[in-house]
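One chain comes next, on its own, written out as structure tokens in the form predicted on its own.
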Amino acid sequence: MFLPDFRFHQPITLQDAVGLLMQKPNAAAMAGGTDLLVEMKKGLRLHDDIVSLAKIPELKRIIEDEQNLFIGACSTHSEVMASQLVDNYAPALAEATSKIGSEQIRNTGTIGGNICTAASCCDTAPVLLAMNAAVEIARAENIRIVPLRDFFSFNKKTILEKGDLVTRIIVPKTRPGTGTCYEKFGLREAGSIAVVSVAANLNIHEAFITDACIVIGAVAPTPKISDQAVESLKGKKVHELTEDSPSLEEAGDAAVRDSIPIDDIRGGAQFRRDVLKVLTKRAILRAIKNTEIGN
């Protein structure tokens, strides 16, 4: 397979990149290119102009303020994993990025590219959704902030319009008493695409779960917050959520009810439901444990 002909642009400022995306009728932004170039080789996408973001410094910065962690959209998965700020404030995100592809892919692929593919099986989106993250989107005339839960419109589709460019992912810093984790099931240990994934984010105060977010991946058109699982957890005492306890079983069943799995080459719908229940229970228990470690 060969790449089709295209014009290659490498702007050094964000303004120039956004301008090119707006001016060129059939342009695409390229961060790592691990998905884009493969799809172009396969003939799934055709673009006359490719706008590389590799030379724009602010798109690779990982910084913080008092409330949030800001991750440049062109930060590679390896850079996210290696970031001390991510380790301090979003260790579950570092865990999720460590499960993406091979080392070569992690050294090239980016966190912005991962969420912009909008695949139901992408690894970073469940954790970011569970942590109530948002995306910063730039265009020629303005910059807007969109909650990640409003970013995905369908499988492999987002709200991005022509000229839009995701510049940063904004992750609220974890509060005291909060535990987050990511669980993934693939068909092999390394380099696998998620068959099912679950991210859990729990806030515990005085042995009660005061807030929760459970996100299920690869079992619906997009990564999805399981509202039923969240409701089943709120107000529960932590000691009620032990292995094989009725409360934990209820949460697992609730996540399954929110799923819309399909049959494909990696697994059948019922198999995914069965795995989802197991992973949901495992994620909740690990999130509780991580809360205790954090305290």
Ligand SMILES: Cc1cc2nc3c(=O)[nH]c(=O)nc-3n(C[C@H](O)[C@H](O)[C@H](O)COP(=O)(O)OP(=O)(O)OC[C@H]3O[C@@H](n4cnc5c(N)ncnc54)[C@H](O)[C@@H]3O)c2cc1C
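Residue indices: 1-based, along the sequence shown. Since the structure is predicted, the reported quantities are computational estimates derived from the model, not experimental observations.
Just so it is clear, the following notes concern the form predicted together with the named molecule, a form of the same protein that is not shown.
**OP:** Can you check 172-180, 122-130, 215-223, 85-93 and let me know which stretch has heavy atoms within 4.5 Å of the named molecule in the predicted complex?
**Re:** So the stretch in question is 122-130.
**OP:** Considering only heavy atoms, tell me if Val38 and the named molecule come within 4.5 Å of each other in the predicted complex.
**Re:** Yes.
Original post:
Any chance Thr34 has a heavy atom within 4.5 Å of the named molecule in the predicted complex?
Top reply: Taking the distances in the predicted complex, the answer for Thr34 is yes, it comes within 4.5 Å of the named molecule.
Original post:
Though only this chain appears here, would Leu233 touch the named molecule in the predicted complex if you measure heavy atom gaps against 4.5 Å?
Top reply: No, Leu233 stays farther than 4.5 Å from the named molecule in the predicted complex.
Original post:
So, in the predicted complex, is Met30 in contact with the named molecule at a 4.5 angstroms heavy atom limit?
Top reply: Yes, contact at 4.5 Å.
Original post:
Can all three of Leu202, Arg286 and Thr291 be found with a heavy atom no more than 4.5 Å from the named molecule in the predicted complex?
Top reply: Not a single listed residue reaches the named molecule in the predicted complex, so no.
**OP:** Taking 4.5 Å between heavy atoms as the contact cutoff, choose which of Val195, Met81, Leu148, Leu160 touches the named molecule in the predicted complex.
**Re:** In short, Leu160.
**OP:** Taking only heavy atoms into account, state which residues of 38-67 are within 4.5 Å of the named molecule in the predicted complex, ordered by sequence.
**Re:** The stretch 38-67, when checked against the named molecule in the predicted complex, contributes Val38, Arg45, Leu53 at the 4.5 Å heavy-atom cut-off.
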